[in-house]
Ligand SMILES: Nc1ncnc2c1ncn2[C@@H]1O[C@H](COP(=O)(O)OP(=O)(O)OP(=O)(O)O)[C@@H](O)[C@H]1O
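Just the one chain here, laid out as structure tokens, in the form predicted alone.
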């Protein structure tokens, strides 16, 4: 097994060859990001490379401040990398940690339909897309429900449905379950899993601090200090993290 510049193992089976392969939904090569402070460049991301196969859910984990959210925002186009290249299927959608920043209309139906206004669709076509998207996330029965009556997890599912209604090919998800209870947490994860694959081959990258959520993923990326340390199958990364925790406990 190969090792990174930190000396940590890199999972085999997911390389970084030529971009962009038709089998991948997200690819990044040698991504770096820094900002100026006090006349000096402060590095946040350092030469990060990753590949996410199309139609899969991958999770991005690592300690606070390691660069996870910065990397996600670069993939979403919200930040420009200082260097490196991104290839990502379009359209892409960024779903925020706080759904109140994204769910803005008074009813579930109106909110999911909101983004469809830029397309030349008939009312029947809009209704069909809205219902299909809500069905995918298990929220069809809430079609006429006022948004203000929904739980946090239900609002997150509505935000995901809004992206799916616009035929989103890539979902970029920023710690969606941070403030949710266990039932809402499971509901949001199930909604994302149900939206993957199919004819549209929706791909999802999920930033999380809850390591127990790794069991729902098809693959994972582990970051430390602005670098991608491990990239590949969940079992190898989970084992690596368990070993690290044991090492800390023995110190």
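Residue numbers count along the first chain shown, from 1. Computed from a prediction, not measured in an experiment: that's the story for all the values here.
Absent from the display: the form predicted together with this ligand. The rest refers to it.
- The contact residue chosen from 28, 219, 187, 67 relative to this ligand in the predicted complex is 67, the criterion being a non-hydrogen atom within 4.5 angstroms.
- Picking from 51-59, 31-39, 211-219, 179-187 the stretch near this ligand in the predicted complex, with a 4.5 Å limit on heavy atoms, gives 31-39.
- Taken together, 44, 63 and 175 are fully in contact with this ligand in the predicted complex: each brings a heavy atom within 4.5 Å.
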